[in-house]
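Here you get one chain, nothing else, as structure tokens; it is the form predicted on its own.
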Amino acid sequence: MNYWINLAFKNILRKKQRTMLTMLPVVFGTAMLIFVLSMLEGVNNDSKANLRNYDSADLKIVSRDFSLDKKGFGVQEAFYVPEDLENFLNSSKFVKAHAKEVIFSGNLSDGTNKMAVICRGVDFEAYSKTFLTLAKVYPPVLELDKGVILIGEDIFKWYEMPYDSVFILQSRTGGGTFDAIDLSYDGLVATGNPKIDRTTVYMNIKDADEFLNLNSRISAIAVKLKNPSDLNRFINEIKPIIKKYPELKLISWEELAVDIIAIDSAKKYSSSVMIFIILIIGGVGIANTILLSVYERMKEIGTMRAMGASNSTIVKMFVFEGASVGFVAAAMGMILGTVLMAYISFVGIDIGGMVQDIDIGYPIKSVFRGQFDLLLAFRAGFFGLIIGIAASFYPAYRVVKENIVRTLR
């Protein structure tokens, strides 16, 4: 056994330059597989965290007619909060915080320019406990007074108005009429979530209620749980109460993240296919190298067979050569990929200057960070090793099928 292993090693080192060129596609493919999957996993996790921290919380209670696809000007279907539902949310062991929201679309104007925005009427104290949004206001605010507005930073950049400017907000009221309200700018919101920073403004929930003539009706109740893993248990607990009010329904953050999950799956699939092709090319390179080695050493192999070496020994020798090339290439790819994975996970890549206002499909504005996962690196390295082993079988099969007499000529 030691004999054919030593012989396999000598053959790998016999053509060092060719061996190195053979390993390059596997090294590159393994490293890129680790890097891309780490980046996509990290972006996916950040996207979901941004969605829950700034937009959806863990769960929302909304009107039965509420729809993510519904377009229009003004407020969506609003509802009165049942007393027993509010008591339940205040006493549930699963709930960390909850906040009422009045959500409506409108036009924000500085008197000259006008932009379509999403408006959220919120209670500062409850909203601060439920979301991180109001902690991302600059300059910092300690309360959301009546008559003031907080604006996404990209909206404010578009207007380029000084601090304490007055904006005009226009919308359709709950009664179906158009109205406008003057609001003083009191700070900009910079969350890193494009949906918030580019399209959303915040105002006091009492201002929103009076402006839209809602008579204390709201658009949604956002619920933040103490432990996100308790989501299904909480849903089972609250369902009996929701069933008493057919005009209400529950929407989990996962339902609101359907588009993110779909984009993530599609990008992972396309990236994996592309890198898989690169690794297959690497496997073909290994097969070609082993095949060349077979033809260069045909007399040597014939001599070994004539001296009694079994077909299985010959096959093992060449498979070991391919596996060794694949293992070394995969190990090098793992090291390179882990370095890249560490960089993107702990430092990140700022693509703000490249994408600017382009919607990339994720609720992340500019900095992409990956997920540091050593298990991912080992899986990718194992895949490279399998490629090397698989690529060696065909050349090994070819050599044992050759006639011994013919190989000795």
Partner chain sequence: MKKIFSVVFLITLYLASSAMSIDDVLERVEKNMVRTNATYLSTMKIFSEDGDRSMQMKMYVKDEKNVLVEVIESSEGGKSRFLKKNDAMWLFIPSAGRSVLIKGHMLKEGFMGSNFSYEDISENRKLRDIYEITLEEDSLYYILTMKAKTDDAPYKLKKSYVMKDAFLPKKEEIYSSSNRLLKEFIIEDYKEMNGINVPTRILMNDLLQKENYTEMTYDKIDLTTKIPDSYFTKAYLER
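Numbering follows the first chain given and starts at 1. Predicted, not measured: the structure shown is a model, and the values here were computed from it.
One more form of this protein exists, namely the form predicted together with the partner chain; it is left out here, but the text below deals with it.
Between the partner chain and the residues 246, 147, 140, 111, the one pair within 4.5 Å by heavy atoms in the model of the complex involves 111. The partner is absent here; in the model of the complex, the one residue of 177, 232, 87, 216 having a heavy atom within 4.5 Å of the partner chain is 177. Contact annotation for residue 255: none of its heavy atoms lies within 4.5 Å of the partner chain in the model of the complex. Although the partner is absent from this view, residue 288 stays clear of the partner chain in the model of the complex, with no non-hydrogen atom inside 4.5 angstroms. Residue contact with the partner chain in the model of the complex: residue 172 places a heavy atom within 4.5 Å of it.
Proximity of residue 125 to the partner chain in the model of the complex: non-hydrogen atoms within 4.5 Å are absent; the residue sits far from the partner.
Between 200-208, 238-246, 179-187, 149-157, the stretch whose residues reach within 4.5 angstroms of the partner chain in the model of the complex through a non-hydrogen atom is 179-187. For the partner-free chain shown, nothing in 90-108 comes within 4.5 angstroms of the partner chain in the model of the complex, judged by any non-hydrogen atom.
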